[in-house]
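Quick heads-up: it's one chain on its own, the form predicted alone, in structure tokens.
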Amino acid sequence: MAMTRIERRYAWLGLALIGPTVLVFCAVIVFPLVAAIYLSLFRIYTPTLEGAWVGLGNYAELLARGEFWQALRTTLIWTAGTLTLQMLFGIAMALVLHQSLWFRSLARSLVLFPYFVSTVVAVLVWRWLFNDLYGILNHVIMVAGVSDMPLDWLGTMPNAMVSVILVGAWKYFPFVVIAVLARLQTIPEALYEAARIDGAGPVARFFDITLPQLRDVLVVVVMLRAIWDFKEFDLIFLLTGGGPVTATQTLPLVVYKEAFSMNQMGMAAAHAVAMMAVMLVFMIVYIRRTRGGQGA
């Protein structure tokens, strides 16, 4: 059936409206992705961007390296640790700020401070707090009698990993607070009133009403924060630089080192593509499991 003149005009209007979005999507996502895959097939010297075709040779060398697997393990530990703390602290803080407190407006403003402060500034403050000579944390520990000697928070393991995870959780948990608090404000109060009449206590109301109501937003928050934490670079780089030695070196730090320290842009691109593939696999598994749970 032939299209009328008005239908053709609407079709062209739709193309004109969606065209800029498609162009931006191709410019910021499709082109960098294709370029990274293309570069990963070459052995390229970073300063000159010249090199030879190696095909899948970079990937074969990458998989044979112990450094890649160690960095992947470190990245998963960092992501799981900081994401768990973000969810726990974020949900707990959102529940507190949802109550009728006289300082609630001020607290809601202050809780966003870690998320909005510059990463560089936050790291400088935390490095001062962790300092083994004049850091306030060591001072408190020694005054309290917990330890006779100052602790090396960023120079030994597992202290360095624990410190990085704690700082990451502190920096990014306000995002969870914002999302969860927004959803809490839309839950009908009648559900809680009915539960109180049935004799349900606070714990029962949380697991029977609040948590199921938060499920959809938590699925999105976990997925977004997992992606962002998995590719986190600046906080770890500024806090420990991947040290001690390579104990806190994550995959983004390996990409940076290969590209600008080893001057191997092709190998860096291969690491970046491998990192994207790992994230993609985990996200597909996560989405399928969450959809399966919701369907059940």
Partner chain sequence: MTFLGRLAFNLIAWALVLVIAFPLAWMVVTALKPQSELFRRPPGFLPEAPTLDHFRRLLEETPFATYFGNSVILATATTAVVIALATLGAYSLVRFRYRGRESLAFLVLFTYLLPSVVLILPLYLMMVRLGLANTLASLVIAYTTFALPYALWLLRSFMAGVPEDLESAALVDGASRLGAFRDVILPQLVPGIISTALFTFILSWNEYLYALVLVNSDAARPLTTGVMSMLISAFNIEWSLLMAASVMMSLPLIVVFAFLQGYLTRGFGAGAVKG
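In this text, rigid core is short for the largest set of C-alphas that superpose within 1.5 Å between two forms. Positions refer to the first chain, counted from 1. All figures in this text were calculated on a predicted structure; none of them were measured in a lab.
Unshown form predicted together with the partner chain; subsequent notes refer to it.
Residue in contact with the partner chain in the model of the complex (any heavy atom within 4.5 Å), chosen from Ala194, Val146, Leu110, Leu211: Leu110.
Although the partner is absent here, Arg43 sits far enough away that none of its heavy atoms falls within 4.5 Å of the partner chain in the model of the complex. The partner chain in the model of the complex is approached by Pro114, whose closest heavy atom lies within 4.5 angstroms of it. Taking the partner from the other structure, the partner chain in the model of the complex has a heavy atom within 4.5 Å of a heavy atom of Trp126. Using a 4.5 angstroms threshold between heavy atoms, Val281 stays clear of the partner chain in the model of the complex. Remark: of stretches 89-97, 69-77, 159-167, 200-208, the one touching the partner chain in the model of the complex is 89-97 (heavy atom within 4.5 Å). Looking at 262-282, the residues that come within 4.5 Å of the partner chain in the model of the complex, counting any heavy atom, are Met265, Ala268, Ala269, Ala272, Met275, Met276, Met279, Leu280. With a cut-off of 2 Å and the rigid core superposed, Met283 has a Cα displacement that reaches or exceeds the cut-off between this form and the one not shown.
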